[in-house]
Ligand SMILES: Cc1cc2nc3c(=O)[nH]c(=O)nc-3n(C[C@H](O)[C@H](O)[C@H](O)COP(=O)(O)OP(=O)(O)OC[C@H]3O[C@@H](n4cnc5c(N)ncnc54)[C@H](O)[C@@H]3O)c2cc1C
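Next comes just one chain, in structure tokens: the form predicted alone.
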Amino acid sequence: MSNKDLLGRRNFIKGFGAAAGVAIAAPALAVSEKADGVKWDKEVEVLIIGSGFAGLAAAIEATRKGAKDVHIFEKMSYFGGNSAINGGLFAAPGTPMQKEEGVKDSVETMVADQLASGRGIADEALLRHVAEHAVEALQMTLDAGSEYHPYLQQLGGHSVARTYQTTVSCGAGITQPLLHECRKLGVHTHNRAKFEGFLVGDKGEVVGVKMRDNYHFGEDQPGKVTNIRATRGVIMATGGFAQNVDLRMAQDPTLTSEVGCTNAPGATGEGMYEMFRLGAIPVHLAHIQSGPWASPDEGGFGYVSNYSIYNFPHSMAVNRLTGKRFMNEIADRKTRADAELNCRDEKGNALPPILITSYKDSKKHPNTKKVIKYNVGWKFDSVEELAKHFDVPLAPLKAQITEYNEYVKTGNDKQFGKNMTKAKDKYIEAPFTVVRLWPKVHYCQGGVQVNTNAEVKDSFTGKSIPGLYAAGEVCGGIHGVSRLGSCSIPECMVMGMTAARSMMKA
């Protein structure tokens, strides 16, 4: 590969954004170059960029497979990336808790659920690979010290309850134990270290990277760039690009800076960009998922998101204009987000719908107290009080509650076909807790194409780019149009583990 080739690929990416009608201006892009004549400042065995679920799992697995010198580089001041603030929800088939609760599940069932949500364009081989190894990844978290609630949840689009959630109800309940395990195993961790490009050998193989030390996100950069050789290769675990407004608008012009986002600020996509310039295949970049459980009354992921995720199965979502339900509360994310966005007033302005739950059922989740304490949710002692607060027509609302409670009793939702298994004996009755719903940009289904060995495919050769592996949200095409909730953690961890195994075999 020549410098001319790299420049040509750089121009390809520039055109990629322009073709969509939006110039991709931010963030500042890294630049890869040939390694010939490069003075190496450092040599490591395994080099991992990103410290979320995928990067941490890769580091642990590489060490277990015999690596003696593993290094994780994180551009932010803190470790864990976007993973640390996600919902801490982990789906896996055939788990011990499923057996305890009498839930029948299998790899095939989990894959089928995801294929349905993916609407025909998900990667079945990758979904199956993740599902087959999900319990193994879950065990890695347990071995590291992660703790989970003693019950399963059934999230939207899942045909059965298969989701564990950390007791702290966020991803830090996994990233912190995994980070501690990494350090216990001797993995070297570096923060404020920004990836500045690949260093490429004569045959197009990735032999190292350029890293900027002392990087301060969003500020002028004083740190120097060092050249680091990676003897076994590089694992890219750099996450999605939901915070890169230019790039997401290039795919969907409606996703402006005014649209909320649940991601950490560092989710800007530079690592993905640079893999494209090496020749990686862009897949499904236009499929950007919004979370239907988010609230317009708080920033980021907030408290309402996990509150809603837990309560959706036994709650009622109501259009405030009509006082009636408007969706299956546990349909897949895209179905629900689209339905919520259609909730408008007579003038067409956004009218965020409400999720109504009986307080006796909602209070079983720890976030309920926080939702009420921070005024992003409300408690009402009567339907009349609730209807007046949100200006919902009272008679239709009362009728809807009566109708819905009949579905709880019979186990058959005649309105939207909701699976009522988790709603059994959980009637909508006072006192109520209520939150408002409005989607926020949450997850990028698009990224670089990888195979079941976590190798990055080269669009120019049709083969894998030697020395380069990728795992987690930086990869694209796995989930198709819409990812099911709680499937990102197993994907990140399984593919991180897979990348480590492939690298150690190479």
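None of the values given here were measured: they were computed from a predicted structure. In case it trips you up, residue 1 is the first one in the sequence shown, and so on.
From this point on, the text means the form predicted in complex with the ligand, which you will not see here.
*Thinking of the ligand in the model of the complex, which stretch from 342-350, 250-258, 88-96, 143-151 has heavy atoms inside 4.5 Å of it?*
The contacting stretch here is 88-96.
*Taking heavy atoms only, is residue 438 within 4.5 angstroms of the ligand in the model of the complex?*
So residue 438 does not count as contacting the ligand.
_Exercise: residue 114 in contact with the ligand in the model of the complex, heavy atom 4.5 Å_ = No - in the model of the complex, heavy atoms of residue 114 and the ligand never come within 4.5 Å of each other.
*How about residue 123: is it within 4.5 Å of the ligand in the model of the complex, going by heavy atoms?*
Because no heavy atom of residue 123 falls inside 4.5 Å of the ligand in the model of the complex, the answer is no.
_Is residue 361 part of the interface with the ligand in the model of the complex - any heavy atom within 4.5 Å?_
Heavy-atom contact with the ligand at 4.5 Å: absent for residue 361.
*Out of 404, 276, 432, 301, which one falls within 4.5 Å of the ligand in the model of the complex, going by heavy atoms?*
Only one option qualifies, and that one is 301.
_Which residue, 179, 316, 193, 288, is the contact with the ligand in the model of the complex, using a 4.5 Å heavy atom cutoff?_
Selected residue: 193.
*Partner contacts for 232-261, taking the ligand in the model of the complex and a 4.5 Å heavy atom cut-off*: Result: 237, 238, 239.
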